[in-house]
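Just one chain follows, in the form predicted on its own, and it is written as structure tokens.
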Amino acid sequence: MNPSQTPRELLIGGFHAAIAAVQADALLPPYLAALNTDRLLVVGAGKAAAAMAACVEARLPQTELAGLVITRHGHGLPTRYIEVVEAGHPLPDAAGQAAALRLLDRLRQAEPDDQVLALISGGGSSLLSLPVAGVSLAELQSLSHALLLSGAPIAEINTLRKHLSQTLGGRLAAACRAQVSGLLISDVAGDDPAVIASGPFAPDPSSYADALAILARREITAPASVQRHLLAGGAGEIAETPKPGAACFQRVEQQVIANGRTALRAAAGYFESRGVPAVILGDTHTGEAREVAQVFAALAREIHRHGNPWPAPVVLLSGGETSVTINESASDAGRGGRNSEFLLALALALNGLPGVYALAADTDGIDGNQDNAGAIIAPDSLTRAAALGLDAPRHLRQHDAWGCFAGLDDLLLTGPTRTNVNDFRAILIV
């Protein structure tokens, strides 16, 4: 282990190495070089959409470019030919609705001999939300809010979104007669194009019946218009989303160009170059953030006490997408995203175990709805919290990890990274 770097510096350096590996400029060039066209219509949606569009303009200066991409508020970049629109995430807003309608119209007007480049990344589901006729934006926002609070995994949320949207679940592919090349940055476990941004150009294997079953399982009372639409779909009165084998997908070719493992491999290289062996535990971890923390705490204790299954020093790297279930009626719900909650739960479970440090953050630079990417803990985190009058268990009960880490000055602040491969966790045991 490099003695010139503190554990905190090592963890932050590993995170930045992970982010650098999944930036558009690091990913797109070989795929853009393979495009053989002098005219390109570029469309897209997601937290990486603006950076991807800017990279296309920089790398294809001789190509006639036009188009529109939608990204989250604060994640935009200046472009010359490809319009960038900022819109709401995780809840859809009017800006996204208007932009999605314009994007859909651009695709409908494309001719069969046109070439479309689709730039898709995590966050696209909300940004592309164009409600079906009869369902208002406010009603879609209400349902999205209830699903997020329920702790439903992203695959379930996306199943509802697909069946209430004019753009998701393969509907953009169905609307377009041109050839489509899709470049996808995955933020979902398994990297299924049907799940990434709710698969606007991908076949949808889910059904209206699945959407209704999710509402029942999560005990969510949807707005009446949503119920009517889903029931009509389940009864066969409304066409299903395009399914595998549909003719429209013969015109579409999609490639996943990066995922969580891309970021984890880069972080592993960073740590190993500094004398710290790295173990990648996978990029598909899901479940309640505080429950996942208990599992990782047990593993860290085993390594610290017994050197099993790996001796210290070692860094454990993982990704995926955990969740936080919040009681909507709770008056004491605080601030903080799933990564901050994971980390506070981990600190409590470790209870000051010597030699264990950790960082958890969202690779888009925004954990939940706060201004931090995540946070950092050290063996003395709980001791320092108590000295400052911070009640860490109460902060966790109230889902206010942000408040605890802000008081400790241990928030990780990066601003928008303009990419997204979901959670990043590094637990360093020295």
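Note that residue numbering follows the sequence shown and begins at 1. What you see is a predicted model; the values in this text were computed from it and never measured.
This protein has a second form, the form predicted together with a further copy of the same chain, left out of what is shown; the following refers to that one.
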Counting only non-hydrogen atoms, which stretch in 309-317, 134-142, 162-170, 235-243 is within 4.5 Å of a further copy of the same chain in the predicted bound form?
309-317
Taking a further copy of the same chain in the predicted bound form, would His304, Arg384 and Ala392 all count as contacting it (heavy atom within 4.5 Å)?
no
Report the residue, out of Ile196, Val292, Ala263, Leu103, that has at least one non-hydrogen atom within 4.5 angstroms of a further copy of the same chain in the predicted bound form.
Val292
Looking at Gln179, Thr284, Gln227, Ser273 here, can you tell me which has any non-hydrogen atom within 4.5 angstroms of a further copy of the same chain in the predicted bound form?
Thr284
Would Ala98 count as a contact of a further copy of the same chain in the predicted bound form, using a 4.5 angstroms cut-off between non-hydrogen atoms?
no
Would Glu83 show up as a contact with a further copy of the same chain in the predicted bound form if we use heavy atoms at 4.5 Å?
no
Verify the contact flag for Arg397: yes if a non-hydrogen atom of it lies within 4.5 Å of a non-hydrogen atom of a further copy of the same chain in the predicted bound form, no if not.
yes
Taking the shortest heavy atom distance, is Ile280 within 4.5 Å of a further copy of the same chain in the predicted bound form?
yes
At a 4.5 angstroms cut-off on non-hydrogen atoms, which residues of 399-430 are near a further copy of the same chain in the predicted bound form? List them in order.
none
